[in-house]
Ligand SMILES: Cc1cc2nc3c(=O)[nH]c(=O)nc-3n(C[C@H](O)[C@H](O)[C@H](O)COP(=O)(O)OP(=O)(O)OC[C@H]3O[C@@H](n4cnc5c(N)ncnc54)[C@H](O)[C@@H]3O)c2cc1C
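Let's start with one chain on its own, the form predicted on its own, as C-alpha cells.
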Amino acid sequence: MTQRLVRVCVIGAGLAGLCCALAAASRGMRVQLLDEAAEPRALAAHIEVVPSMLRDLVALGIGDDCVRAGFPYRGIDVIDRYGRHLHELPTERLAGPRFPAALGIRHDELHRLLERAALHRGVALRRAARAQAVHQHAGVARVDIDGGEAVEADFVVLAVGAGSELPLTLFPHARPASELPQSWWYALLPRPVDLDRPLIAYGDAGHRAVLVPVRHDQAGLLLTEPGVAPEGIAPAEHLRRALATFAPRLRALKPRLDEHTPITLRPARSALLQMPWYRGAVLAVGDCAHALPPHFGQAAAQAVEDARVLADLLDGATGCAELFDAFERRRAERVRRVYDLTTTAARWDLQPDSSADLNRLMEGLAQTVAQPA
C-alpha cells in the first residue's frame, strides 16, 4: 500500500523555498524549512510582482498582504535616452477583480510576508542549518545537517538557488549556472512624486534602467550594464555616473544616491536543469531547476509558480513518483518557453540587435503565462 505524504523538508528559505514551505503547510503537511543563513535575507532591492506572480501569490493566500505592503500599478512606460516616450507595455489583470494588475515591493518586505505566513501555517523554520547531503532509505529521505543532526521526511524540496553546490551532488546531470557578462545594480531611493508605475529607460548600447514604485515613499532602481563590475568600485558614485548617460528623468535621480543609499550588485545567472528535475525523494525548484535571467520579472514569478503547482498537486498525491511526474508535466514545457524568451532578452542586452522587438517578446510571454500552469 502506498503511504500518504505527510512530512516534507524544504532546503533553502529564499523566495522559492518560503513559497513551497507555505504551499505544503497549507495542504496540511508537516514542514521543516532549513536555511544556512543565520539571519533573514534583506537585500537592498525590489521585486516586480508581475501579473502572473500576483495571481499565484493570491492562490497561496498572501495576495492582500502583498498589495498592502507594495505599490500597485498598471502598465509600464518605456522611454529612450532622450526622454522620448516609445510605448507602453501592458500589464493584464490576472489575479481577479479584487486585485491590481501588478505591484512593486521591497525584496525584504516580500520575504518577511512569506516567512510570517509560513510560520503562521506551522512551518518549523531552522536557521544556521546547512544541509550537507540527502539520503534515502526504505522510503524515507534523510537530510544531514552540519553538526551531525539529521531531518527525516517523506520527500525533500531543494530550493537552495543557483549558486549552491548541493544540486550538483544530488543531480549528476546538473551543470553550474553560467553568469552572464552583465552587472545588475539595485538601489532603494525616495520615490519621485510623479512615478506611479514602472519606467523602463534605455541608455547607451546594452545599458538599461528601470524605476519601480515600491511604497508611497520609496522606489526601486535597477540599472543593467554590460560587463562585470570591477572590484573596489564605489557603488553610489558608479551609479551616478551611469545615470548621467540616460534621459533627464533618470539623471534627476543622481542627487538621491549617496554613501548611505542601500545598493546591491547581483549576478544574472542562466541555466535550465535537464529532465528529470527530481531524483529519488528530492525535487528541485526555483533557481535549482531553472535559473532564469531576471528579465520581465520571470525569475521570481516562475519560482512562485513552482510553489502554487506543488500546492495543487499535493491535494491528491499519494507518493513521490506520482507527485514529481505530475509536477514536471505541469512545469517543463512552460518553463522552457519562458527560459527561451528571457534568454533572448538577455542576448539582446549583451549584443544589441536592430531586429530586437521587446513588444514581441512581451506578447509571447503574456500568452505563455496568461493561464495558470
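We number the residues from 1 along the sequence you see. Everything numeric here is computed off the predicted structure, so don't read it as measured data.
The next section is about a form of this same protein that is not shown, the form predicted in complex with this ligand.
Practice problem: Evaluate L60 for contact with this ligand in the predicted complex, applying a 4.5 angstroms cut-off between non-hydrogen atoms, and reply yes or no. | Solution: L60: no, not in contact with this ligand in the predicted complex.
Quiz item: With the cut-off set at 4.5 Å between non-hydrogen atoms, does P198 touch this ligand in the predicted complex?
Solution: P198: no, not in contact with this ligand in the predicted complex.
Exercise. Would you please decide whether R336 lies within 4.5 angstroms of this ligand in the predicted complex, comparing each non-hydrogen atom pair?
Key: R336: no, not in contact with this ligand in the predicted complex.
Quiz item: Would R30 count as touching this ligand in the predicted complex under a 4.5 Å heavy atom rule?
Solution: Outside the cut-off, so no.
Practice problem: Could you tell me which of 280 to 288, 227 to 235, 79 to 87, 147 to 155 sits within 4.5 Å of this ligand in the predicted complex, going by non-hydrogen atoms? | Solution: Looking at the other structure, the answer is 280 to 288.
Exercise. Using heavy atoms only and a 4.5 Å cut-off, determine which of A317, L34, V309, L341 is in contact with this ligand in the predicted complex.
Key: Filtering the options by heavy-atom distance leaves L34.
Self-check item: in the predicted complex: members of 170 to 195 within 4.5 Å of this ligand, any heavy atom
Solution: Read in sequence order, the lone residue that approaches this ligand (within 4.5 Å, in the predicted complex) is Y186.
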